[in-house]
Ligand SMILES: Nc1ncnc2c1ncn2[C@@H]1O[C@H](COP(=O)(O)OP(=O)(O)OP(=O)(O)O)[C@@H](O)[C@H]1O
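Heads up, the chain below is alone and in the form predicted on its own; it's given as structure tokens.
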């Protein structure tokens, strides 16, 4: 389907499980999240929180032993991606949903030049005008400050990490996808290259009229480029809202802990305080109650038995029993 405007995305009650010797364990537990058309949404959280699993679900690309057990991913112009199969799903990937993988070098074939891989991509999506595809790729790479001709003639080992990351962005955009997912786009890059990549993301997003999702563990990256921010923990979205509000006045205790742990360049360095404990793994996510309760300074009795429902007020969504209600917290010993 041809689309000329940025799509909206609506994830509803999405559950993704992985088969293990202990049975099927949830990596995502009933996640609901909306991406407004034309916006940049960030997802932050510690490693293992479910960020990349959620991103892969937008392409229905969760690989065995994982599977999407329940829920839907509605994308304007595509419908429910969870229901797409075979050729219809293959065509949607790349052509309508672009994906920039976390390790850019792992998404490139070391035995083929970038240009040959681009031609393979064009043929797989039945592009009739392959010279025009190459021309567009050279122009995109030029916009990113690279010599497009040289890059297309290069193998992956001839490119730096920052160059490979830009090639990944080019592959995600060259087929004119209007929904683009970037998984940790600045990981392992130096600060100058990070700044350049983020500027490219912002510029291309606005110039091409995209809906963009950025997965990151870096609050600075989220603050720099996103319009809205979702915070994930234990396979749940625990807070979501406008980025400036989430970072400026966080409501969920996990969001507060993440922000408090950020090192400062000035002032008292002791103000930065790491979150106590460790995030849960697939095998330790509790089957009932709040997934964050073991590390939470606002824990109350109901947290042990009831999973908090997300509540939306003033464009802010928070899933926490203790937010907005007076109660005597059960303070974990790490906070005493």
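What you see is a predicted model, and the numbers here were worked out from it, not measured in a lab. Numbering follows the first chain given and starts at 1.
One more form of this protein exists, namely the form predicted in complex with the named molecule; it is left out here, but the text below deals with it.
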Quiz item: Out of the stretches listed (306-314, 287-295, 34-42, 52-60), which one is close to the named molecule in the predicted complex, meaning heavy atoms within 4.5 Å?
Solution: 52-60
Quiz prompt | Contact at 74, 97 and 209 by the named molecule in the predicted complex, all three, heavy atom at most 4.5 Å | solution = no
Quiz prompt | Partner-contacting position among 68, 282, 300, 275 - heavy atom within 4.5 Å of the named molecule in the predicted complex | solution = 282
Quiz item: Is residue 239 a contact residue for the named molecule in the predicted complex, using a 4.5 Å heavy atom cut-off?
Solution: no
Quiz item: If you check in the predicted complex, is residue 48 within 4.5 Å of the named molecule, heavy atoms only?
Solution: yes
